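Next up: just one chain, as structure tokens, the form predicted alone.
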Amino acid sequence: MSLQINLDNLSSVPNLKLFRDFQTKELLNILSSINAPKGLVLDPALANPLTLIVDVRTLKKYAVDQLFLLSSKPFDTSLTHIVYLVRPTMSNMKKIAKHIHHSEKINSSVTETRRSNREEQGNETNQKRQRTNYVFLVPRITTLCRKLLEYSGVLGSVILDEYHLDLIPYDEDVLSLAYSKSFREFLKGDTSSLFYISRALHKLQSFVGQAPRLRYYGTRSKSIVEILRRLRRQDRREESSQQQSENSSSSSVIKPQIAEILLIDRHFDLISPLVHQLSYEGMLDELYGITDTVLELDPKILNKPRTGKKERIPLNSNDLLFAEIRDLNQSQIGPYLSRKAREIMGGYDERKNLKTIREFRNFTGKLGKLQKEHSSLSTHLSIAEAINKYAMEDQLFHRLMNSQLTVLTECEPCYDFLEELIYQEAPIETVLRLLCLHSLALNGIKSKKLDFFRKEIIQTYGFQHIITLNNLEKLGMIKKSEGRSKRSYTNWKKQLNLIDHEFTKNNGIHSVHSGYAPISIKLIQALYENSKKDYNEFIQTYFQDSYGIYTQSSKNLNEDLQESEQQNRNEKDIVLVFFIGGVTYSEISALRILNQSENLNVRFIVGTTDITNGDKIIKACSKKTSEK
């Protein structure tokens, strides 16, 4: 199954395919500008995202003869044109410098040997083997990277440029920057990703039209709106200058396909990623890890013979069965797949009643689809069986789920269980997720108790986690008790109705965490749902001056929006919800469930810096603040 999502029939934001194709074309233009056989060296962090916009077959057509993953170990190749496509990190620059030094050393050695035999032939050989290195930084060149290449003595040996890989369509309703460092950078006080996000959103709007409204919640969201406004003013100056030079008063404006962009800081809701996800797709991410829409599994789980390699399973709506079950609670998967199996068997059974040639021809037309569904069913039945076995047999999982719900629903601590996890040396991510959940949901932990857990964690897991704990405190994820506060979790729980014990009956957004609805999604629901309840005072108390709405003042845009609304009265407005610092699969599932609500006159699509979960957030805090 293809990793690239099919956007051909996307009616809500039709120009999304043009946006993806433009990014593909940019990459292919880079490759075609190097008119020779070449080797392409990819940053491992970019390998999967790039497969979502271009496949290996296409790369071969553009004379990419060899593909490499960037590592500290240099590679040998007879190719004389090497293209590096990497993120602008210090570690990547050091690896590239090492590669170039290695190549130059080999060429120098070969040249010297041949010169001693036949001087003239040696010079010719040296000319032929001289390597040209192209380094394209994604999404932009940084001063630090340039300086590091210069310091390493290789800046003169490379052609340095940048490739603007922006928002990648993970699915019909999900766009991602695939930039996993954003949360980490916020911890360090680095605001680079805010510019990346702003530029990506600005570029997106050049294809789908300028969104008439920008709504923001959080300090980083506010900063992005300010950058977008600055970029828009710059566009207007350029447009005005161009019109004057062409003596024209008209300019083409794309009618907006997105009515509103809603920007939300991840730091506004740090509780939801810490809670274990219980939607089907969320469970897959928690147990096995999904990397850029690809799930890698041991073949044994799929009842296949082991080959030494993991099975790669694309997870997107190209798989129609997966699209149906991805947002369901894990307890609903078994019964749903059983019904689906009966439907497919019923489809096969139709052949028993075929009599005429026309009936046989019609059945043959359906057979391909049936076989595709059967294959998908077999895959997801095997995965669901493995998940069910884990959920039923792992006692730690059961106790962890119960402890999380106790903290979230009753706002009561489960310190004994947390202590037990430490003594059993459970994974550090599991321990710290539960500790942070206690701190955030209970508005802090008593000083004596917090000091006790800090000491136990350091003694059990090592002194390196002093940094981890300090980073979590810096983010406010671990803190000492502060007493009552209007900005506490208990207030959110009461105001937004975060808990629903009857989630299996109601089948709403609470199902993604088996009773708890993500705060971020409940806020979105409160903002857009037709409700008599007024949340303005509550929202103002929490966000203070870091929320608001910016409305485009362009007359053309407003006229286009009114015309578009009149033409599409029966269609819902599209709202792009962009999460700064990552979004979980369960939050995406909850938004899809919201899209089915009759009380909403909008439809949501998701944008994000990356897909995250509790383990990823803890790991981001576990590394040294300085980049390796």
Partner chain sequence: MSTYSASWDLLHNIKYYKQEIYRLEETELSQLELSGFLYAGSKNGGPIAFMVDYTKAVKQTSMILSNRIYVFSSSGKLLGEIDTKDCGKVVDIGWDKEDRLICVSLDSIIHIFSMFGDELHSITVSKTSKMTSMVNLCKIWDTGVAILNEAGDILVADLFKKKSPALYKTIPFEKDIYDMDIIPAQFSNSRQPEVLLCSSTGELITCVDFESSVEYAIEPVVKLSLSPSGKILAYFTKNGKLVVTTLKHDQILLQFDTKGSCPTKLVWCGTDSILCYWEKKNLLLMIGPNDTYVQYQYGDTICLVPEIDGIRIISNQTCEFLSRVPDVIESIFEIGSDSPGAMLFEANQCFEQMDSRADKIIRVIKSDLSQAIKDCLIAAISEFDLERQNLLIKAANLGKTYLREFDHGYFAEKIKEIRILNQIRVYLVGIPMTYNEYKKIGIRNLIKKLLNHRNHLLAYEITRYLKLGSDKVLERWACDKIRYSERQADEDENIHDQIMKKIKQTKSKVSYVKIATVARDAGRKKLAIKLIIHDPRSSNQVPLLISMNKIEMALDEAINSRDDDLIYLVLFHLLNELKSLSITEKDLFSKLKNREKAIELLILYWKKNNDEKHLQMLLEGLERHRDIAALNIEKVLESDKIDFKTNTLKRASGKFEQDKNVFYKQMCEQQSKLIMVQHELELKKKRSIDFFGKSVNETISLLLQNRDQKTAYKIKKQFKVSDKRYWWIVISTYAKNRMWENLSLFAESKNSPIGYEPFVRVCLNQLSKKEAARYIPRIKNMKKRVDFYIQLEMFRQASDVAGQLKDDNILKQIQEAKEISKKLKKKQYK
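Numbering follows the first chain given and starts at 1. Quantities reported herein were computed from a predicted structural model and do not represent experimental measurements.
The protein also exists as the form predicted in complex with the partner chain; that form is not presented, and the subsequent description refers to it.
The single option of Lys474, Arg342, Lys494, Lys372 touching the partner chain in the model of the complex, heavy atom within 4.5 Å: Only one option qualifies, and that one is Lys474.
Of Gln234, Ser481, Ser378, Ser317, the one that lies within 4.5 Å of the partner chain in the model of the complex (heavy atoms): Looking at Gln234, Ser481, Ser378, Ser317 one by one, just Gln234 meets the 4.5 Å heavy-atom criterion.
Gly189: touches the partner chain in the model of the complex, heavy atom cutoff 4.5 angstroms: Yes, contact at 4.5 Å.
Touches the partner chain in the model of the complex: Leu469 (any heavy atom, 4.5 Å): Although the partner chain is absent here, Leu469 would touch it in the model of the complex, with heavy atoms inside 4.5 Å.
Touches the partner chain in the model of the complex: Asn530 (any heavy atom, 4.5 Å): Asn530: no, not in contact with the partner chain in the model of the complex.
is_contact(Arg454, the partner chain) in the model of the complex, heavy atom dist at most 4.5 Å: Residue-level check for Arg454: yes, a contact with the partner chain.
Listed range touching the partner chain, judged in the model of the complex by heavy atoms within 4.5 Å, from 455-463, 289-297, 210-218, 96-104: Only one stretch passes the 4.5 Å heavy-atom test: 455-463.
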